[in-house]
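Presented below, as structure tokens, is a lone chain in the form predicted alone.
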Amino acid sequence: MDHDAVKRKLEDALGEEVRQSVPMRDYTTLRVGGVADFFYETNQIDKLIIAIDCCHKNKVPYLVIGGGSGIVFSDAGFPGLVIHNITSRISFLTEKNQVMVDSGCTFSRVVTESASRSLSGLEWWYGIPGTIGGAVYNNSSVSNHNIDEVVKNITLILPPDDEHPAQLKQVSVDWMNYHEHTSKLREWQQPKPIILTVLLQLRQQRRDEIMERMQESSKKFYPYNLTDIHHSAGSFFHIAPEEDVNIANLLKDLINKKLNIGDAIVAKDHPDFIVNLGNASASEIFQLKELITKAIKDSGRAKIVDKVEYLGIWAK
């Protein structure tokens, strides 16, 4: 199907909100990446389902993104439809200390609104960017706390196939098969199931105690707001589960802190962060990542695994 035919099919299903040739750098925290052929933003779950079903019926590649952290789009962009999920409903089930959250809701908002109701369990993540869907998808972990501690169940869109349209499925936290910084969904090949909503199980606690931990967490973990970090996707690496090595200490030992390729540079004091000083390309980010990976491999001291996902068309 040619470009104009795809455009007509998408607009028939989704309306004139479908945009063309949209730079992905504008929708990621790292601020790199080429254009997506088509782009659609929605705050409605039913429109998200329609978009996915339309792509399947017309054999259009698609991706769903949220807050844009933890991903790097290639300089070549994405040959299909990128769906920007900004669904944002939050419903508190007060008698059960539970909260139902749309996957596109920012994690910081979920943390803050839960704390305002004296609900504890999320404060360890205070200050990180991204959405609750992204955190659940990636098995976000901070300060020895894992996201599976608070997730009760998840509602997904299962990818359509030749016999069935996109289908809804509610799964338990066990279904996600969480292990170190990954999940069943992250390891699933495209097209992936898409998280729609997440039910979180929290607990009552004094608000001042929750707020104190939030302030501690915002200073200690995920230094996205340090002055030397202009644009970052977050931590690029983690140590393989079988290794007993501190990632930051390992990288400090092995890497020149001034190591850079163009405007892609290792963050001062946080060598697991690769930073875009303003004009880095995706290829420069990737090349710097490869240099760091090689340095660690050559040292023989540990095995590391990528935390960031690379999206779009990358040269072999």
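The first residue of the shown sequence is 1; numbering continues from there. Because the structure is a prediction, the values reported are computed rather than measured.
Beyond the structure shown, there is the form predicted together with a small molecule, which is absent from this document and is the topic of what follows.
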Checklist entry - With the partner left out of view, is C55 within 4.5 angstroms of the small molecule in the model of the complex by any non-hydrogen atom? => result no
Next on the checklist: So in the model of the complex, is the small molecule close enough to S141 to count as touching (4.5 Å, heavy atoms)?
Outcome noted: yes
Checklist entry - Heavy atom to heavy atom, is I210 within 4.5 Å of the small molecule in the model of the complex? => result no
Checklist entry - Does at least one non-hydrogen atom of P159 fall within 4.5 angstroms of the small molecule in the model of the complex? => result no
Next on the checklist: Give me the residue from V64, A51, L251, A280 that has a heavy atom within 4.5 Å of the small molecule in the model of the complex.
Outcome noted: V64
Checklist entry - Of the options P129, G121, P191, G80, which one has a non-hydrogen atom that comes within 4.5 Å of the small molecule in the model of the complex? => result P129
Next on the checklist: If contact means a heavy atom within 4.5 Å, which one of 93-101, 199-207, 112-120, 67-75 is the stretch that engages the small molecule in the model of the complex?
Outcome noted: 67-75
